[in-house]
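What follows is one chain in structure tokens, specifically the form predicted alone.
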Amino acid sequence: MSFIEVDTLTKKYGDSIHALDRVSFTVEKGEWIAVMGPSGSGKSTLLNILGCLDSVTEGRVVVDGQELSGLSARDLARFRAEKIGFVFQQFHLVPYLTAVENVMLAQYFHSLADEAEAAEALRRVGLGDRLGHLPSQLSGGEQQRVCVARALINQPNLILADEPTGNLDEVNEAIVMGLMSELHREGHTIVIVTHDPEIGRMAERRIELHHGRLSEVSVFPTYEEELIDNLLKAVWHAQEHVGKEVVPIESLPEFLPNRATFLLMAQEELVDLEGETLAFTSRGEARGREVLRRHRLSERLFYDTFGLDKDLLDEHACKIEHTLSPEVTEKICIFLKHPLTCPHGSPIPRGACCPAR
């Protein structure tokens, strides 16, 4: 049995309005799903039903082996408290409670409040120095991270996120999506509603809704541009390793399995292939510099903000780096105060925002 099973789900309001119309799909445990579609397509209604905040008119919804339509209101509330963590676009923090008290409130509805455990949840999302701050004393990005900590405090099996970056600037969007990436790696099942195609691409599968009907379920392929960026990083690493601008192809283990892509890169004048050696063109070096800068700044962001283990930095950086525009990359650099190296000690290429050496 799949972790989530939705079978011919219909949600009606009155006799004529179908928010959802015979929607069917499954989600496996540990999978990351993006629900996309225009406004009014039924995305939030679907999320509310999965989260036991709304009821089914017709059809069947099973989450973690429990059919939701068979539960009473009291049992739905208990199931929601024990199994599900919510992250909303609107933060829904109690304004007169501190950050740690807002997280403890979620514990109270589940079992018993534990301040030390709530404080640790906030440290995990990079807010260890904001425990006693009221929501009004926190930035939008910090408030959303309190919401993530609150969603995680009861160790839910399922995380539901409704436009979690809709009210955030680019830097805080990268931070919050980095947290989502970490949660996915840990095995959490994530269903996220988003209008943003870049955020949608971070998921393993996309569910498209239009006028309440399921129009597409797609698996994201490996994009050629991302592959080229990854190969440019490999060339840059090889140059750093051998200490030369021209590197032997044998120093690039990525070359043979991606020979066709390297030939394409040569045609596009990103690299020069001469016999058994390879080097950047000026165009390729410029693009490679930007790729390395995004990647190493992403690693520094994860390390400095969340204290992520160094062995995990590359994996997490690869997950978000392709979503970062040049403008967002510069903002992250400013946010991090123009670091010179990544946490592994490799130099971060300087950007236009960086002060002169």
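Residue numbers run from 1 along the displayed sequence. What you are looking at is a predicted structure, and each value in this text was computed from that prediction instead of being measured.
The next section is about a form of this same protein that is not shown, the form predicted together with a small molecule.
- Between the small molecule and the residues T323, T305, T329, T45, the one pair within 4.5 Å by heavy atoms in the predicted bound form involves T45.
- In the predicted bound form, the small molecule sits within 4.5 Å of a heavy atom belonging to A19.
- Mapping the unseen interface onto this chain, G40 counts among the residues with a heavy atom inside 4.5 Å of the small molecule in the predicted bound form.
- Heavy atoms within 4.5 Å of the small molecule in the predicted bound form are found in exactly one of 32 to 40, 285 to 293, 310 to 318, 58 to 66, that being 32 to 40.
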